[in-house]
Ligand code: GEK
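Single chain ahead, written as structure tokens, the form predicted on its own.
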Amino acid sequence: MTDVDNLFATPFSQVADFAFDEKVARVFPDMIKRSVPGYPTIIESIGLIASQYAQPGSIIYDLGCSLGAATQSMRRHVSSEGCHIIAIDNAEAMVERCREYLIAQDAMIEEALPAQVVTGDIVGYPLQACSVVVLNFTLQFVKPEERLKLLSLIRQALLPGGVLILSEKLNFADTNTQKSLEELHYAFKRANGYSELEIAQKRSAIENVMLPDTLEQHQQRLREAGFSHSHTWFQCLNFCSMIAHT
């Protein structure tokens, strides 16, 4: 049973930086559904995209897996023989709950793709040869100076024909575009039951922790990391998902 996200409903004298702790893990499915427009479509589509590019006998990585929504989607859709998923997150509270969700999925789906959940820092993690890597709203929480290093390591680990699926919140260089989409995002949150207080306090909590890039910055960094081509396959307001090809 998912708890309702009311973490920021009470006024705080000082808002602490956002952290993926037990309190967040408990309400995360509700939080992400009410905060990220298009999230269910992205999750379901990650499974479909992975099914197109997963190579027999290969590893699939879900980096910064949180509660494993992308992993669960890929387990439903990927049928390439001999594949298995390694899901990695640095927040122990998220990892523990992710493992519980995967056990529950095992009980519901026969012959689901094997998956293991690992606690670890994805920056510098020793990636093995793989055919699909997912960074689903993860890169924006990595220190900006470490993002190219991470993407380069992913590119080096990907097999020929492999892909990176990268979902991110976007910033926009054009101030009018930024303001318009930002206001629409707040309207989306209000429509999903968040109060002005919750919106403001969540924004304060996350502004020093989540640092979004522009689409152009993502594209340039992917080129620098060695990807041959990248394109956006989904965008809703200021949230998007891309596919980067080896």
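Start at 1 with the first residue shown and count on from there. Since this is a predicted model, take the numbers as computed values, not measurements.
The same protein has a further form, the form predicted together with this ligand, not shown here; the description that follows concerns it.
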Counting any non-hydrogen atom inside 4.5 Å, which residue from Q140, N171, Q105, S152 sits next to this ligand in the model of the complex? Q140
Can you pick out, from A91, L127, L159, A112, the residue that has a heavy atom within 4.5 Å of this ligand in the model of the complex? A91
Of the candidate stretches 171-179, 97-105, 131-139, 76-84, the one with residues having heavy atoms within 4.5 Å of this ligand in the model of the complex is 131-139
Contact of F28 with this ligand in the model of the complex (heavy atom, 4.5 Å): yes
Applying a 4.5 Å heavy atom distance criterion, does L166 contact this ligand in the model of the complex? no
Might A69 be said to contact this ligand in the model of the complex, defining contact as any heavy atom within 4.5 Å? yes
With the cut-off set at 4.5 Å between non-hydrogen atoms, does Y39 touch this ligand in the model of the complex? yes
If you look in the model of the complex, which residues in 8-36 sit within 4.5 Å of this ligand (heavy atoms)? F20, F28, I32
